[in-house]
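Take a look at this one chain, the form predicted on its own, written out in structure tokens.
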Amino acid sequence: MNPVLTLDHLNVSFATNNGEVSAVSDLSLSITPGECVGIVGESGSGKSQTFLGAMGLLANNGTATGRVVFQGQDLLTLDRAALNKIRGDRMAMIFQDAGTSLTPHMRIGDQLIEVLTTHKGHSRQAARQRVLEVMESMRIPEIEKRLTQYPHEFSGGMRQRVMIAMALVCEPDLLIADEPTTALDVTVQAQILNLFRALKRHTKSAIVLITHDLGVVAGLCDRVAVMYAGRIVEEAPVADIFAAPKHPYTQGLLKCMPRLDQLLDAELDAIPGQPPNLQNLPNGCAFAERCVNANTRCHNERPALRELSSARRAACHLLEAA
């Protein structure tokens, strides 16, 4: 099956007054139709910037190089007009903060209808009918009333549902969700995740789930890519990641997760130290300073992301001796 999206040696950097910040380095990843891929890692690991760079949505001081092939087209070679025809139509992104992603002075119905009239050329009446169908699938109550309201009249969970509806009205081939459940209470989180499960069951859309919540990944994703300091350090099917993590960083992330079978007074194993400065990355493994098993080679030579099996990759010198 041909990938819907292929990131090929993607680099994302930002020019600052203090020098260049390398947010994403030499990242390669493919996503196939119908699968859900989780992108996990600490804040600042490059998760969001990877896909903002892929979609041409970086800040003005940001630059993306490499190749981003979406359905045969390299997005990094397209101008803004060509990109706008793809974004929101065949490729859509749900941003972390729905409150700032919606236009505050426009009614919710007008914002959703505009997506269809712009990208699909629908009449306003046809677009409204499609919006009603999607809003109903989002289990949004009193739809007719809601369409006439403004974003500030919605709760955080309801705004997030509207953002998902806006992403889905054009039936995209790729949906990128950036921390879609952050800052929502647990009942609303469960409802949002159930919407994604339904999307997986009933469509062929590929889903990228950017998150730091490994519990969300376990319940929704097929495959996981673990990022650290702008690079993928491990990639594997979700069951393999949880059953037998290979990279020390992945092992550390899992040990940080609270478990129901732990004693109430049990301490979580925090990863020591801090992530490296992205303006001055070390020559060796970026995780070496925090890894209790790091050796001289780890500090001096950056490990390549290599195949451990047909479905698994990891970047760690220690695995070569295992």
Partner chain sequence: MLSFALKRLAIAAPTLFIIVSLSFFLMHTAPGGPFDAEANLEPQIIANLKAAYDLDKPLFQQYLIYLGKVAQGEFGPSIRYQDRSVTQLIATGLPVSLRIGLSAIFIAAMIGISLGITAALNQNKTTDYVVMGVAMTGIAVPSFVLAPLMTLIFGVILKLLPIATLEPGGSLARTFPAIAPLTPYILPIIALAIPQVAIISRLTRGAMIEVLRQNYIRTARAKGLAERRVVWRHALQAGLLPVVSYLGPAIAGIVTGAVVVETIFQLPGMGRFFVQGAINRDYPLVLGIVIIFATAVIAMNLIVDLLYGVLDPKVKAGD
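Every value quoted in this text rests on a predicted model; they were computed, and no experiment measured them. Positions refer to the first chain, counted from 1.
The protein also exists as the form predicted together with the partner chain; that form is not presented, and the subsequent description refers to it.
In the predicted complex, the partner chain sits within 4.5 Å of a heavy atom belonging to L52. The shortest heavy atom separation between T211 and the partner chain in the predicted complex exceeds 4.5 Å. At the 4.5 Å threshold, heavy atoms of L75 stay clear of the partner chain in the predicted complex, well away from it. Although the partner is absent here, Y150 sits close enough that one of its heavy atoms falls within 4.5 Å of the partner chain in the predicted complex. Of the residues given (Q71, N84, N194, Q129), N84 alone sits with a heavy atom within 4.5 Å of the partner chain in the predicted complex. A heavy atom within 4.5 Å of the partner chain in the predicted complex is found for exactly one of V115, L199, I140, V238: V115.
The stretch from 216-224, 199-207, 239-247, 158-166 that comes within 4.5 Å of the partner chain in the predicted complex, counting heavy atoms only, is 158-166. Candidate site formed by L57, L102 and Q111: every one of these residues places a non-hydrogen atom within 4.5 angstroms of the partner chain in the predicted complex.
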